[in-house]
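The form predicted alone is given below as one chain in structure tokens.
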Amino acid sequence: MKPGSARATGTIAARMPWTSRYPELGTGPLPVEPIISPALFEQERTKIFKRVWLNVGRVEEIANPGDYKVKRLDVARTSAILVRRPGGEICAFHNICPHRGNKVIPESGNETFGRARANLLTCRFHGWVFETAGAVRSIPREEAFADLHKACFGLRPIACEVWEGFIFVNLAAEPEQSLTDYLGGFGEHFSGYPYGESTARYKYSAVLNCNWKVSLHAFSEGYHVSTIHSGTSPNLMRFEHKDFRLFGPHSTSAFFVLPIAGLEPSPASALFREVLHRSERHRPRLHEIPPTMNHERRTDFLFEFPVIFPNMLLHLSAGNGYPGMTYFTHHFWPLSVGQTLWEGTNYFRPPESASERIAIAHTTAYHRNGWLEDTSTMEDTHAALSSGVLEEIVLMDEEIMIRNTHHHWDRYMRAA
């Protein structure tokens, strides 16, 4: 029977019920070339990362007027200064002095934090001074320049908008969409949770020898859970991965864990879980998650996790899936076709006692061990795909978020 026949279509719908809801994605294999091609990687810099909205931080990181954060964006060959102005608004600028091109703020790693004294930023090379609104305030020996129009020599702005406390930038000279329009239904689906209460932040990062999409794909599905995490999290061996929804280039799904008799947490984990769950501050708050998530309000809800195109994941657990942790994020920043900077961050409400602090440290370390299991596959995947043995990869139904990411990657790459 031909693939287009009613019987064949029904078979696909039965085997791939989630994917079949979005026929524009197809059900066939995906090409390997986008993962290993240096030429396509160079195109990604302009066609994707200099065109879409990128999350670069949280408002709590620069809470006071004059606070700044410098975020390196190697994929766009630039770094961004995020600074809070006296009125409270957040602005973004390229970290480059318009005089001779020196970096206004020297960087120390991928993220640099500081404070603009008197709300002024000074380039250390020749002492040009800029306001936190970007305008140049003073130029040493200004009289020695010919026809210098100061109004033209401010810091180069970057489009900057905030959603639910997450700071996004867009490196295009004129963004095609506002951040609200770019996030679309995804922004509505994840809005309303008190993200700003979780100011205790624990971050891990590593440079992985793999393409950024290999990393993104590995964290975009739950098919691997019963194999990769069988050692550290045997309690995850029975789970439901469901409620897949697509919002343009973004996608999301929900994860539920079904209890297994005899696979209770270790004594230490059980103790620390009790410490956090009996605390009003750290107990699960499933009633606070947006109403479109876990609409049945199941108590075995682990987390809702989406892909925010192109390179961010946001897992909202409300303190239920991992004791006390309200949400965590992943970012996959391309460095080259075969290297990715991975940043994983756990967010908790601040501890109020020594026991809560220790319990949070235990949860964070336990979670880190799971992440290390995830990242252990990525370099092998990239190395094997780089051999050229495979030209395509196949996906099962619950890998639909990978399929959606590729679909929109292809759309951006084909655009003029």
Partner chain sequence: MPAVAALPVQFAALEPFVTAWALPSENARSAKRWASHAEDFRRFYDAMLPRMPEVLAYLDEFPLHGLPAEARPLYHLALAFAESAAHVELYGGANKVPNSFDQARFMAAHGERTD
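Residue numbers count along the first chain shown, from 1. Keep in mind it's a predicted model, so treat the numbers as computed, not measured.
Separately, the form predicted in complex with the partner chain exists; it is not shown, and the next lines address it.
Trainee: Taking heavy atoms only, is residue 376 within 4.5 angstroms of the partner chain in the model of the complex?
Mentor: Yes - in the model of the complex, heavy atoms of residue 376 and the partner chain come within 4.5 Å of each other.
Trainee: Any chance residue 256 has a heavy atom within 4.5 Å of the partner chain in the model of the complex?
Mentor: Taking the distances in the model of the complex, the answer for residue 256 is no, it never comes within 4.5 Å of the partner chain.
Trainee: Since only the chain is shown here, I'm wondering whether residue 351 would be in contact with the partner chain in the model of the complex (any heavy atom pair within 4.5 Å).
Mentor: Residue 351 belongs to the contact set for the partner chain.
Trainee: Can residue 125 be called a contact residue for the partner chain in the model of the complex at 4.5 Å between heavy atoms?
Mentor: Answer no; every heavy atom of residue 125 is more than 4.5 Å from the partner chain in the model of the complex.
Trainee: Report the stretch among 315-323, 302-310, 149-157, 267-275 that approaches the partner chain in the model of the complex to within 4.5 Å, counting heavy atoms only.
Mentor: Selected range: 267-275.
Trainee: Of 224, 103, 201, 115, which one comes within 4.5 Å of the partner chain in the model of the complex, counting heavy atoms only?
Mentor: Of the candidates 224, 103, 201, 115, 201 is the one lying within 4.5 Å of the partner chain in the model of the complex.
Trainee: Tell me, out of 206, 135, 173, 144, which residue has a non-hydrogen atom within 4.5 angstroms of the partner chain in the model of the complex.
Mentor: The option sitting close enough to the partner is 206.
Trainee: Can you name the residues of 329-365 that have a non-hydrogen atom within 4.5 angstroms of the partner chain in the model of the complex?
Mentor: Residues within 4.5 Å: 342, 351, 352, 353, 354, 355, 357, 358, 361, 362, 365.
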